[in-house]
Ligand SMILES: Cc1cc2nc3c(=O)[nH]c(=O)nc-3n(C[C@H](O)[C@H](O)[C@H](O)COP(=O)(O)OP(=O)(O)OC[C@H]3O[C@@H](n4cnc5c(N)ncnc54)[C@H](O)[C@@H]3O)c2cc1C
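In the form predicted alone, a lone chain appears below as structure tokens.
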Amino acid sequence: MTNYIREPERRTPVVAETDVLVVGGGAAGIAASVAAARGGARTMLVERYGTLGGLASNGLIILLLTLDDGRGRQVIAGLCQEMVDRLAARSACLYPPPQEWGSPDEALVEKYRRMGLVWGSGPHVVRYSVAYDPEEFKVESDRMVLEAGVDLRFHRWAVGVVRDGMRLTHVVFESKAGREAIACSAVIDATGDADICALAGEPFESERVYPWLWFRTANVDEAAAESSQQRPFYYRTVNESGYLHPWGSAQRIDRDIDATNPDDLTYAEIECRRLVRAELDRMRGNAPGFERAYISGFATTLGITESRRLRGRYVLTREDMDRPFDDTVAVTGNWTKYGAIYSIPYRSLLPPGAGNLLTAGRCISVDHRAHHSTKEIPACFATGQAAGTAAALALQRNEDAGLLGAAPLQARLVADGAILG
């Protein structure tokens, strides 16, 4: 039996007002806030940590998998491509040149596989995927958001919403400053865990997952490591003298977890760190070149790619692969399959109830199998750009995003560099 305490009634100060409130500063939140601000809306981005990027930075999943369809054709551009261009200008990323995309040349495939840019089962071809430096990604994310005029606020956790009929009027946050509310005309849930949808009472489904913990090593004998046959365990990073390890031994964690349960997360973080260190000891004894290696950094967040997902106006499924939609607002390939394409309909960003709430990123309305394509960082950029553009466009038209027609949204996205067909 659960015990309860009674808390006194309290008044929560409304500390700010904005047109578009984006909650969650991962890839989807970055794109959503930039798109909304560039669309003319007063935009605020609230993130619970002190850096932007989510798994794309703090999670050390520092690979954009993938911007193509596996046949040499780019399908994701827009703000994701802009981020690649910004990183390239800093010499902070690596990717195959366009003339190599789709090439089956075995030497090229092996070259990029060693960088973590080719995954899945063969026969392989070169993909348009990108490896990048996570620290540069953090700074470029800051600059991209601030240059767009976004009001960026860190260290706040969404804990409640105020709903008036079919609209959200405020989101409530907790921080070291106490409890605060922010008034808004539209909300974009880019939390990854569908936190705002859940707080608003919108329907969702949940998945239990086996978490990973990515990590990096240094002080490796690169010549010995590069000649080793144990390539699936590590990848060259953008900078010299370091390797990226996607899982290590964490895949042997004892049980799956609910990534919205703090006790499960506590268990997983402790256990994954233990297993990563055990993996380092194994490599020191068995992997050529790693005899004197050390862990140069754990990811600061677990590799959680699935938890809560909205059950929206349309649930994209595996059977929708290669199916076009009249309201397509993003297109993505699949990072392990060649030629698999998902067109993402606007309806998959919309809850069935709240008219001024949108989702973006890995909590959009898809099923478990389609999620393996839509959860990836480039796809999160694409759905984030779509959500932010839709929110700003709807406000210009003095209507909620749930009533916005697809045609004007699609036209604006294409004008801003997105690929929809």
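Start at 1 with the first residue shown and count on from there. On a predicted model such as this, the values are computed, not experimentally measured, just so you know.
One more form of this protein, predicted in complex with the named molecule, exists but is not displayed; see below.
**Student:** Contact with the named molecule in the predicted bound form for Y243, defined as at least one heavy atom pair within 4.5 Å: yes or no?
**Tutor:** Judged by the heavy-atom cut-off of 4.5 Å, Y243 is well away from the named molecule in the predicted bound form.
**Student:** Though only this chain appears here, would G72 touch the named molecule in the predicted bound form if you measure heavy atom gaps against 4.5 Å?
**Tutor:** No - in the predicted bound form, heavy atoms of G72 and the named molecule never come within 4.5 Å of each other.
**Student:** Is D68 a contact residue for the named molecule in the predicted bound form, using a 4.5 Å heavy atom cut-off?
**Tutor:** Outside the cut-off, so no.
**Student:** Within 4.5 Å, heavy atoms only: does G192 come near the named molecule in the predicted bound form?
**Tutor:** Yes, contact at 4.5 Å.
**Student:** Quick one: L55, L64 and A158 and the named molecule in the predicted bound form, is every residue within 4.5 Å by at least one heavy atom?
**Tutor:** Result yes, every residue of the spot touches the named molecule.
**Student:** So which of C380, L357, V34, A386 reaches within 4.5 angstroms of the named molecule in the predicted bound form, heavy atom to heavy atom?
**Tutor:** Answer to the contact question: C380.
**Student:** Heavy atom within 4.5 Å of the named molecule in the predicted bound form: which of I304, V331, V84, A299?
**Tutor:** Of the candidates I304, V331, V84, A299, I304 is the one lying within 4.5 Å of the named molecule in the predicted bound form.
**Student:** Among 275-283, 212-220, 89-97, 346-354, mark the stretch whose residues have heavy atoms within 4.5 Å of the named molecule in the predicted bound form.
**Tutor:** Partner-contacting stretch among the options: 212-220.
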